[in-house]
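In structure tokens, the next block holds one chain alone, the form predicted alone.
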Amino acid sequence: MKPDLTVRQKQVLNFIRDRINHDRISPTIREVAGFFGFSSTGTVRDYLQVLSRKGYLKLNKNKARSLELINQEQGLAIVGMVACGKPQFAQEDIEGYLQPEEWFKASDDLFCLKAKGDSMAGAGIMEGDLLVVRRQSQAQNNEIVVALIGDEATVKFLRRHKDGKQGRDPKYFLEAANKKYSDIPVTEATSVIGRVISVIRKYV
């Protein structure tokens, strides 16, 4: 088990980790100093030495962008955008990671999507929110799901028509939480890929 970090040490580590996960390259010492408002790059070097000594970073003094994370749990992958209005192409392009120690235990069954649009505003889902999704191919009536319609993805309530049959061919539709948007019938081209279990919002 690695030694505990102070609040500021964790902030520096999280900044470096976010930059590596998002930009696929580590920040320079000057970039770290600029972000935190440190007056000297020596202060950054001190933090990096501590993080290295505690087993969180690997340093290479001969390169400007050489910080490496050591045995860090990447967390829950934030995968592209999911439309909360009209369905939008679901690009399996990881934009970053939600760190599990702050929210959830990392699991192969969980991933994150960024919400786009306002069709789920009535359910408390706003554009830019992170949706924590559990991978599953089935869902219950009235659950919020991520559904694929062909190659496009959307997030909606899964609803059952009142006259839906209980047999092999139940009648379902996808319903927005905003009256501006029409219901989307569930057809053979529709498949559930997950159920939304939590919504996370950042206030900048």
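Since this is a predicted model, take the numbers as computed values, not measurements. Residue numbers here begin at 1 and follow the sequence given. Only the largest set of C-alpha atoms that superpose within 1.5 Å between the two forms is called the rigid core.
Beyond the structure shown, there is the form predicted in complex with the DNA, which is absent from this document and is the topic of what follows.
S.K.: Can you confirm whether T6, T28 and G37, the three residues that make up this candidate site, all sit within 4.5 Å of the DNA in the predicted complex, judged by heavy atoms?
M.R.: The answer is yes; T6, T28 and G37 each reach the DNA.
S.K.: Identify which of F157, Y47, Y56, Y172 has a heavy atom within 4.5 Å of the DNA in the predicted complex; exactly one of them does.
M.R.: Contact check passes for Y47.
S.K.: Report the stretch among 29-37, 135-143, 149-157, 175-183 that approaches the DNA in the predicted complex to within 4.5 Å, counting heavy atoms only.
M.R.: Single hit among the candidates: 29-37.
S.K.: Could you confirm whether R65 comes within 4.5 Å of the DNA in the predicted complex, counting heavy atoms only?
M.R.: Judged by the heavy-atom cut-off of 4.5 Å, R65 is in contact with the DNA in the predicted complex.
S.K.: Flag T43 as yes or no: does it have a non-hydrogen atom within 4.5 angstroms of any non-hydrogen atom of the DNA in the predicted complex?
M.R.: Contact with the DNA, yes.
S.K.: Quick check on K162: any heavy atom within 4.5 Å of the DNA in the predicted complex?
M.R.: No, K162 stays farther than 4.5 Å from the DNA in the predicted complex.
S.K.: Any chance the CA of A176 moves 2 angstroms or more between the shown form and the other one, core superposed?
M.R.: A176: C-alpha displaced by less than 2 Å between the shown form and the other one.
S.K.: Align both forms on the core first, then report whether E143 has a C-alpha shift of 2 Å or more between the shown form and the other one.
M.R.: No, because once the rigid core is superposed, the C-alpha of E143 moves less than 2 Å between the shown form and the other one.
S.K.: Answer yes if the Cα of V12 shifts by 2 angstroms or more between the shown form and the other one on a rigid-core superposition, and no otherwise.
M.R.: For V12, whose C-alpha is compared between the shown form and the other one after core superposition, the shift is 2 Å or more.
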